[in-house]
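What follows is one chain in structure tokens, specifically the form predicted on its own.
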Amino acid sequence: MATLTVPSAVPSVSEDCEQLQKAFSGWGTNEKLIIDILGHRNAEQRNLIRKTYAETYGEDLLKALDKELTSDFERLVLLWTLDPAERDALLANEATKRWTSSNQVLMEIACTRSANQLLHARQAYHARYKKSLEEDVAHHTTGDFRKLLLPLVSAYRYEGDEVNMSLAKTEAKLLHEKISNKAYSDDDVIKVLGTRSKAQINATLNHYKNEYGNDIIEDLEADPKDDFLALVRSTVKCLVYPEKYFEEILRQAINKRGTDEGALTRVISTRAEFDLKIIADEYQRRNSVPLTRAIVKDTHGDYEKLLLVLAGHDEA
């Protein structure tokens, strides 16, 4: 469930554009007006605002925002204003340029988006960067990381509910054998994670737990210092328990000394229109604190205000 709230009576696009232009005019910027408009419009409405703003004022709205805003608030506004596919393309491109063991954004995009959302992100990548996401992933990653990430970002998974229980049983046994032998990058492991539907993977992992007594995540915690194994664990979480994956990202971003604004901004901006309510419920269940209260405690100013609006709370 989304947390984005759109008013039942939305002003005309031309009126929104006029108000945004006013927010940029004169001395200072009217950040509240920007939040009130963009923070309460869905992707289709924001796209129309961008198109109309450019036609009316001869300037890309993103460039206008970039000139007027700064810091974490600017980053959040710019990411939010982008079409979801463009946003994913931008985040993926940034990830290919600064790959580290803790940067799992490529896997996150590949595994938590629908087949069509990932396809559209790849198309947006073509349009924006004049090359493919796959070739950049191949160029900027190596070894086992490349072996797993390439099929993940290239996937177009079946999204129906049908599962093959015989295959689930066979592949559960296969995964148990490979994990027991610490063959985490084995071709068969990659094939299951990189090609099977989420429903099929879920059936396989349920059989794994029933047959071998452990959740597969537990068996993938053999070596906490193994960066590739951490990526495999996160891949499984994203495919089967995305709300738990995102809750963990948020907990690490706002429950430690020094907020990770990059991770917080990414999760709120990418999930507010899709499943942030489910993620927020998981966050409260896990931490006994509402997500919005955690945001208030760790952030401030206009950045905090827009985060709260996108999380479904204008006041917290």
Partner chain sequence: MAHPSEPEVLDQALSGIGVDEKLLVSILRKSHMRKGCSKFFCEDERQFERWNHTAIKSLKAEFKRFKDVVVLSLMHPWERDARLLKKALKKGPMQYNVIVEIACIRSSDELLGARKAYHSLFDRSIEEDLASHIQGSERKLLVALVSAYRYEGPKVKEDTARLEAKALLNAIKNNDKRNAMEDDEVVRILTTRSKPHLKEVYEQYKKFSDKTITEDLEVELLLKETVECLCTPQTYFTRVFDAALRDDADEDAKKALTRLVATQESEEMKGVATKFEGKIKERVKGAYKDVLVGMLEK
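Positions refer to the first chain, counted from 1. As the structure is a computational prediction, the values presented were derived from the model and not from experiment.
Same protein, other form: the form predicted in complex with its partner chain, not shown, and the subject of what follows.
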| property | result |
| --- | --- |
| Triplet R146, E162 and D187 all within 4.5 Å of its partner chain in the model of the complex via a heavy atom | yes |
| Single option in S154, N202, Q117, N93 placed near its partner chain in the model of the complex, where near means a heavy atom within 4.5 Å | S154 |
| Contact residue in the model of the complex, chosen from K225, K131, K97, K182 - any heavy atom within 4.5 Å of its partner chain | K131 |
| Residue stretch of 227-235, 188-196, 209-217, 82-90 approaching its partner chain in the model of the complex, non-hydrogen atom distance within 4.5 Å | 188-196 |
| Contact of R113 with its partner chain in the model of the complex (heavy atom, 4.5 Å) | no |
| Its partner chain contact in the model of the complex: Y241, any heavy atom under 4.5 Å | no |
| Heavy atom of Q123 within 4.5 Å of its partner chain in the model of the complex | yes |
| E135: touches its partner chain in the model of the complex, heavy atom cutoff 4.5 angstroms | yes |
